[in-house]
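Quick heads-up: the structure tokens below are two forms of one chain, split into structure 1 and structure 2.
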Structure 1
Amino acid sequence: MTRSSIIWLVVCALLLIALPRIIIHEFYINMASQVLIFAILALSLNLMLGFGGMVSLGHAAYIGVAGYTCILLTIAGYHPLVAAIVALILSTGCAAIFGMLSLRAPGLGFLMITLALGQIVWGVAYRANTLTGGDNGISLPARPMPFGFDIRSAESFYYFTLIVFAVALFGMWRFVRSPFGASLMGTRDQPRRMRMLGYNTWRIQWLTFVIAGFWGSVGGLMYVYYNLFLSPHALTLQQSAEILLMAILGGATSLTGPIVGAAIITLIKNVVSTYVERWNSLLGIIFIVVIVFMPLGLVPGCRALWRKWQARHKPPVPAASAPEPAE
């Protein structure tokens, strides 16, 4: 990590910590919590998309599996920590099975299988009225109190979400920068050469699928803790597509891209939609403009512009004086 990256990281961390003192209004503090939750979901999907080259349209399924499990166990009287751990284990186990099924087909086939699996989870949540409440949904009685920390208020929940987000971001950063992350990117770019070198590319992709499912489940749990409610609407194809859009809009080749994408789309959905009736059209226009002028997404595109600007305003290097001829 370069010195400028560390400075930017410290500045962003200080801004995020001070955010509730800056914006004050409870509505916007809740909005910031939502941005962080969707950033976790978009980052988890980006492990497959940006670093593994696997496009998934079923990521919202983890919200459903983890969320419904947590709510049902809490209602059944289990401790919230036990409910959360079991929900994460079950949801990650589902990711392992989904990965085995999806990786049987590459490219478009992979995309369609993830779409089908996401729709199956949605269908179960919609039809199992006695278990999930069907279309009416099901409520979580109350937010947990992790280690005695009360997260019922908007500000305290924001800080709890920020801690979870920081842990998730660090975990995914370490994953991407590890030798395993390098082998994942090698599998994405040169699968045939990786196989010839002795790497099991299927296992690398499957493990990435499982890890992405784990962090997606963490995002799903936070989604339920925030809303205190879950219905099949949260598991729809539109939800999966929005998470995918967040990663692509911000830039799937970086870790900061999905965070920026999550912030833009969440703000447009919740703030701009109160002033602009056709906010979906506005979102579509923004997406098209960004992809046309910055095909790799906002963050890589802005970085490229910044490098161009620096190169243009860099002072010219004086030409070296020619050596004097020997007499």
Structure 2
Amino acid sequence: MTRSSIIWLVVCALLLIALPRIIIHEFYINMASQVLIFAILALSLNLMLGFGGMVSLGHAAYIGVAGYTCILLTIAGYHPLVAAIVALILSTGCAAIFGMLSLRAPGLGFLMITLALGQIVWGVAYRANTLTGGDNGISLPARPMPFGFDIRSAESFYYFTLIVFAVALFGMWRFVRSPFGASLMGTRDQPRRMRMLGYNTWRIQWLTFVIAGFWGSVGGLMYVYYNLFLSPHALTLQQSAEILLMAILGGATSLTGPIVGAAIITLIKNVVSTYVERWNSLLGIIFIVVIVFMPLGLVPGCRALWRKWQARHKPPVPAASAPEPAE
């Protein structure tokens, strides 16, 4: 990390911590929690998309598996912590199986299989009335009390989400910066060379799939804690596509991109749905516009613009500054 990125990080962290004091209104604090939850989901998907080059359209399945497991166990009377841990294990196990299946096909086949798997999870949730309540969904009785802290109010839940988000972000940052992350990016760019060098590229991709599934499940749990309710609508293809769009819109090659994307999409969705009902059309239009005109996403796009602007205004310092490491 360079000094400027540390300063940025500190500023952003302080801003996030002070946020409830700045925006006060409960509605907006809840929206901020939503942004953080979707940022976890988008970041986890982006481990596959941006760093592994694997486009998945079934990420909402983890919201489903983790969420339903957690709710059902809580209703059955288990301790919330037990419910959460079992939910994470089960959902990550699903990711392990889904990964084995999806990675049987490269490229677009991968995308089709993840989509089909995601829809199967949706279909099971939709049809299994006796278990999941079908279309009506089921409610989580109450938010858990992690270590005795009450997180029922909007503000305290926001801080809880922020802590989970920080842990997830740190975990994923470590993952991307680790030698394993480097081998993942190598597999993305030069799969044959990596195989020649003796790397088991299949295992690298599969482990990434599982880890992405784990963080996706964490995001899914938070989603359920936030809404206290889960129905098949949270598992639809639209939901998976929204998460994917967040990652692409912000810029899939960085860790900041999906966060920015999650913030923008969540805000647009909240604002637009208050005024018009045409969210799905808008989602489709954003999808097409982003892919046709901004294939790299906002963050890398803006960064390139910023660098160009800097270069124009500060001609005497040319190549001396080391190129900023790609996050």
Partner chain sequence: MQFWIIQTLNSVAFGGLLFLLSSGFSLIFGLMRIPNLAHGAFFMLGAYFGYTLLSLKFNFWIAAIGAGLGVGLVGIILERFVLRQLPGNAQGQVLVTLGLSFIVADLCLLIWTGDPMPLPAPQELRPPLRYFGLAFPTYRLVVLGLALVAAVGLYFLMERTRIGAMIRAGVDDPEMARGVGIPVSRLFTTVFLLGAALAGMGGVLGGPILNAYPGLDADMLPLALIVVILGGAGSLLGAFVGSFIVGFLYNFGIALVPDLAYFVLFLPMVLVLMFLPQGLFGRVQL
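We call the rigid core whatever largest set of C-alpha positions still superposes within 1.5 Å between the two forms. Numbering runs along the sequence of structure 1, starting at 1. In this text the structure is predicted, and so the values were computed from the model without any measurement.
As summarised for this chain, the first structure is the form predicted on its own, and the second is not. In the core-superposed comparison between structure 1 and structure 2, Tyr28 has its Cα shifted by less than 2 Å. After superposing the rigid core, the Cα of Asn280 is displaced by 2 Å or more between structure 1 and structure 2.
In this overlay on the rigid core, Met294 has a C-alpha that sits 2 Å or more away from its partner position between structure 1 and structure 2.
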